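The data below hold one chain only, encoded as structure tokens and taken in the form predicted on its own.
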């Protein structure tokens, strides 16, 4: 028993002589305990740097707990722990090195460390190096976003160190780009900054252009010192420097005095009357403005009647002065921006071309049905736009019963064709067949039908726009870079237009209906004498054109508002496409759609704030074009061409 008590006493004495929960992290915290206990923005940086550079596995945990106010000091021995609340007054402490619980303690025995916002920001900057190498890609991206939003010189080293071990190619590319931008901004030696600028001379991203433009931030200064990084000399009156602004700069520099107004000059003359004279000129002779000007000039030799703001600022040294002090850096940034601007212009041309192709495919889809009815049959169908509207509403109705948007669109496309095909056949049988070779009556009748169909749609669906939702896989856009992008819906419509082109060519070239249609188009009497029924061909042809308009309506409804007036927005463009391209020729319709689409986008690019003006100019151009080529781009011989 005596031996046991001796061992117990020895163990207790040994425990008292050793620090509790000793470990490398605790030792490091104890070295900087005074700074941590009284953390301030001015003094805490050495402690934060020591933790960040320690290489300890628990360093990130310490910084995170500290930043989140979860680090506690045990008063009895001054050791640091992180804690979780057990009850309102009891906390369980955990060791930083082992993450093992140390015990439960009353809140009165502990002190919570609450760094202020400034210290927390400094801790957050130190945490960046850990977040940049975090196993979770989302956290690494969040760290990059945080650096980009509020970059500091201290971010350079951890960002550079994290690139070698980055496994995600996209994140690695973003890190490299951000490292280059930070090098340009924060590097201390000029050659390094210039080399970084030259390395991004082909990068057209917005971040790169913003970084380079920030280097070229400048202001206009009067007579800058020789040490300033000056650019071009500015002449007062140029767009960047008005005469008034130049004069104000000289006044602010103390080189010029504000020009006196006539009232101010008159007051000076009144104050300086002496012996019946002012400036040596008798009062009786001050009855004209030139005399008063001479008297004022005698009192103020620096002023003359011919002095104006323009004469004061003429030939004075006004220069563009860059905020960036290094001329080598600004010259490199200017050269890089010129290179980038050339590439941006080329990419803008590509983006404009993609927009033109997209709009052309929409016009082609809207006009292909009209190309069949108008081109083959010579029927001016003003209700063609309403068939487009019917197709769009068919898609909307299908989506009310089939919630899966992909399946509903696959069902809606053939169903819209059937609905509008049937409507077209009914219209041809009931109205159109009685009005052949009577274009004015056909135009009036189909115009009346279009108004009736619009009113029926309003009565059924109301006047509010109805949603025709695209599948999720059509959301977003295909982004090539910060300049060129095109939505997936537009790509799908372009693909659909190509499919219809191929289907139409197959029908016209490889089927009996196409053969009969071409025969009736070329010579209806001869076709009838060969056993072809022109009435049946006309009925099927009109139904085919109407059905294709319905499918076009589903496609257009995916990005346009589905209302009863949907067709009215495309009927004019459809007729222009057919007429410009060449009546009755599918290749002409394609050419016409391309011409009108590119023309409209080109005019909109030159005047982006006024779409209506772009359409007006386009119509004027088409009117002039038809005067020189009345049969369109690709003329077709036969009945549709007027033979």
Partner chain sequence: MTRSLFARNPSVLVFLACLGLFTLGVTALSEALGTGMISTSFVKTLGKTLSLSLIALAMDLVWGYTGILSLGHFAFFGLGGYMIGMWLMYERTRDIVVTSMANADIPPTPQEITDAIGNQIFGVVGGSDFPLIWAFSHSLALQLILVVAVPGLLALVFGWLAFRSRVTGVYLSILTQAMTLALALYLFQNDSGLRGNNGLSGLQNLPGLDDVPQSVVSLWFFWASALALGLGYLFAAWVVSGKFGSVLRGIRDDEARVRFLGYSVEGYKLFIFTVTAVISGIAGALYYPQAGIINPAEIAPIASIYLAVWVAIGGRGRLYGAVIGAAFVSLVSTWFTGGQVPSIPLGFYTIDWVDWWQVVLGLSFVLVTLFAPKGIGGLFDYFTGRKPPNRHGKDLGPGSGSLKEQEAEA
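Take the two forms, superpose them, and find the largest set of C-alpha atoms that agree within 1.5 Å; that set is the rigid core. None of the values given here were measured: they were computed from a predicted structure. Numbering follows the first chain given and starts at 1.
Beyond the structure shown, there is the form predicted in complex with its partner chain, which is absent from this document and is the topic of what follows.
Though its partner chain is not shown, can you say which of 288, 529, 188, 117 has a heavy atom within 4.5 Å of it in the predicted bound form? Checked against the cut-off, the match is 288.
Name the residue from 480, 456, 503, 349 that puts a heavy atom within 4.5 Å of its partner chain in the predicted bound form. Contact check passes for 456.
Mark residue 535 yes when one of its heavy atoms lies within 4.5 Å of a heavy atom of its partner chain in the predicted bound form, and no otherwise. Taking the distances in the predicted bound form, the answer for residue 535 is no, it never comes within 4.5 Å of its partner chain.
Is residue 488 part of the interface with its partner chain in the predicted bound form - any heavy atom within 4.5 Å? Output for residue 488 is no: heavy atoms all beyond 4.5 Å of its partner chain.
Interface membership of residue 598, its partner chain in the predicted bound form, 4.5 Å heavy atom rule: Contact check for residue 598: no, nothing within 4.5 Å of its partner chain in the predicted bound form.
Verify the contact flag for residue 68: yes if a non-hydrogen atom of it lies within 4.5 Å of a non-hydrogen atom of its partner chain in the predicted bound form, no if not. No.
Which of 49 to 57, 573 to 581, 587 to 595, 31 to 39 sits within 4.5 Å of its partner chain in the predicted bound form, heavy atom basis: Partner-contacting stretch among the options: 573 to 581.
Give, in sequence order, every residue of 438 to 461 that has a heavy atom within 4.5 Å of its partner chain in the predicted bound form, or say none if there are no such residues. Residues within 4.5 Å: 438, 439, 440, 441, 443, 444, 445, 447, 448, 449, 451, 452, 455, 456, 459.
Core aligned, does the CA of residue 299 move at least 2 Å between the shown form and the other one? Yes.
Flag for residue 288, CA shift 2 Å or larger between the shown form and the other one after aligning core: Result for residue 288: yes, a 2 Å-plus shift.
Taking the rigid core as reference, does residue 472 move its C-alpha 2 Å or further between the shown form and the other one? It does not reach a 2 Å shift.
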